[in-house]
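Next comes just one chain, in structure tokens: the form predicted on its own.
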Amino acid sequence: MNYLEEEEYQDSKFDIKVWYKIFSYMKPFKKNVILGILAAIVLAAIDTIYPLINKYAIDEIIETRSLEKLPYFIAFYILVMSLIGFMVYGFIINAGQVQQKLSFALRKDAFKRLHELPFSYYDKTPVGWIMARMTSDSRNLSDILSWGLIDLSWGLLMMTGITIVMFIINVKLALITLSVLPLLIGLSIYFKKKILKAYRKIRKENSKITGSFNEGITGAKTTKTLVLEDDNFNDFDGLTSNMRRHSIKAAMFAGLYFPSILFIATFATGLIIYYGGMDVSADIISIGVLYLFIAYIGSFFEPVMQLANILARFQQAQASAERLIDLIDMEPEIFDTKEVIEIYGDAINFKKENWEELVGEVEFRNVTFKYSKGETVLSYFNLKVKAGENIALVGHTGAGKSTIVNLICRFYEPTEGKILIDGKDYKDRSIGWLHDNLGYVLQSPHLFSGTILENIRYGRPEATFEEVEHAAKLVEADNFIIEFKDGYNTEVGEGGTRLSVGQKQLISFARALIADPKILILDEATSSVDTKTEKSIQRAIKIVLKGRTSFVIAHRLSTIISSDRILVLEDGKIKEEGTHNELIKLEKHYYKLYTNQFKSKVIEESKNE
């Protein structure tokens, strides 16, 4: 998603369906919502009654100089203050619980959906966009639907209560007080639109700055080697300057808005003092009534400003609501049918007791595949692999190697044709069943924050230390692990930054082995390691691939010499097929690839000598 699409979300109109969906998340904790709103109602009533209590004190105690009623007034006053404190506590505790529970529910469902979405979703969706949905959007929504909703209830009820009391006490002064309301509403709408527009631009620029931060940090080495620091700084300076300009504009409008409202409230107070003072002089109203209206002006205009702010926040939250609901309601392009889920379980809740044992026979039957945007990669592709067979995939970039293994893993599904596992269409079994029997070693190894032990055990959390150690020894990772002070309890750092690329690759290889997969995918598993580490992996491969169906995408052809079958791919078709020796004898495409690579290796080794 680009910044233009992000802006379309922000400019979207109010959608009742989206809000209905969001409000449905609040049903499990409606008790907290009701209690919070009730506390707000009581607070609104007390805030309305409070000036009346002071009016009574002025008219009945101060004016009459009668102190007999003073103890009762003090006792009642203390009671009211205690009730306010109790209601504020109820307001805060329930609104806080709604905020946390709603945020948790939204993030939980969004995170669950992210696990169900296929690779194609991540191919076209930036990580920053996903992170924003999981963090700022869920936080904004939970905040406005907890505090905002209860504040809205308090403001509306307080304004209604004050209006009713004012008209009961004195219609003339009530009309004078409300006469400035249209001007107040007009100013609020004008300024809020200006402020909202400025903040939208700020958020858009902030997204660009965040992206620039990410690129600057991840590409720091490239920046330094190409001496692009000055260019990057100028680009970043341009982005921050734009954000500064929009921020100043937003601050300017916000700075003008509140003094404008204060001026209107002060003007209304002046009118009340003038006309009310004249009525006091004429003995039409008491001093207590004049005080009441002066107090009500401040109490009335405060919720008006609150409501304007809350409604603006609801408008801003519309974009967050749409983006989150779009993510939660997004239908995965690859999914299990209801019948399959009923037997095997879904992507989160497995029914392993119904899972058949996977033997390892794989067949492509007239498979055609094309990505959502792009040319056809495979066209009526056929391949049959026996259980336990080791298949090597060779070819130039774009030949279809990664597509084949991604289809086997069901990260994507055929556009046409079928893929059979053990003679049965793999769509007739669950994605979880397939993935539980797969091991995948990526070209770019990724480790999670934690220890080496935890990363290897990630493939099977219940694995014992002895099993982890055995897997590490098979790939010869144990050789460098034991050299660390903390051994298997060594922290790898974020993304494995404390280890070399070769060490990370060996650990990721051990992680795949610990799960004892029936089908093992090695995607350029030795392309990022040195010759010594490559030899360690080659020795391990001979042991761990025995009796296990495997697909090896090979960059270094020396790693696949012992493969049962080597497939030379070109434009999604098998151009050559056979063992290493058979293909060398043909002296065709594979022969040229292998001899050229062998010559390059000899030249490189002679230079190193």
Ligand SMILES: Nc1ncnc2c1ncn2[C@@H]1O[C@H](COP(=O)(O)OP(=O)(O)OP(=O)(O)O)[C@@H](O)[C@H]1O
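Quick note: we count residues from 1 along the sequence shown, nothing fancier. Just so it is clear, the structure is predicted and the values come from calculations on it, not from any experiment.
Same protein, other form: the form predicted in complex with the named molecule, not shown, and the subject of what follows.
Checklist entry - Hey, of 399 to 407, 248 to 256, 349 to 357, 273 to 281, which bit sits against the named molecule in the model of the complex at 4.5 Å between non-hydrogen atoms? => result Residues of 399 to 407 come within 4.5 Å of the partner.
Checklist entry - Counting only non-hydrogen atoms and a 4.5 angstroms cut-off, does Ala198 reach the named molecule in the model of the complex? => result Although the named molecule is absent here, Ala198 would stay clear of it in the model of the complex, with no heavy atoms inside 4.5 Å.
Next on the checklist: Please tell me whether any heavy atom belonging to Val362 falls inside 4.5 Å of a heavy atom of the named molecule, as the geometry stands in the model of the complex.
Outcome noted: Residue-level check for Val362: no, no contact with the named molecule.
Checklist entry - Any of the heavy atoms of Trp433 lying within 4.5 Å of the named molecule in the model of the complex? => result Heavy-atom contact with the named molecule at 4.5 Å: absent for Trp433.
Item to check | Touches the named molecule in the model of the complex: Tyr371 (any heavy atom, 4.5 Å) | outcome: Contact with the named molecule, yes.
Item to check | Residue (of Trp154, Tyr412, Phe191, Phe381) lying close to the named molecule in the model of the complex, criterion heavy atoms within 4.5 Å | outcome: By the 4.5 Å criterion, the partner-contacting residue is Tyr412.
Item to check | in the model of the complex, the residue from Ala132, Leu149, Val377, Ala174 that sits within 4.5 Å of the named molecule by heavy atoms | outcome: Spelling it out, the residue with a heavy atom inside the cut-off is Val377.
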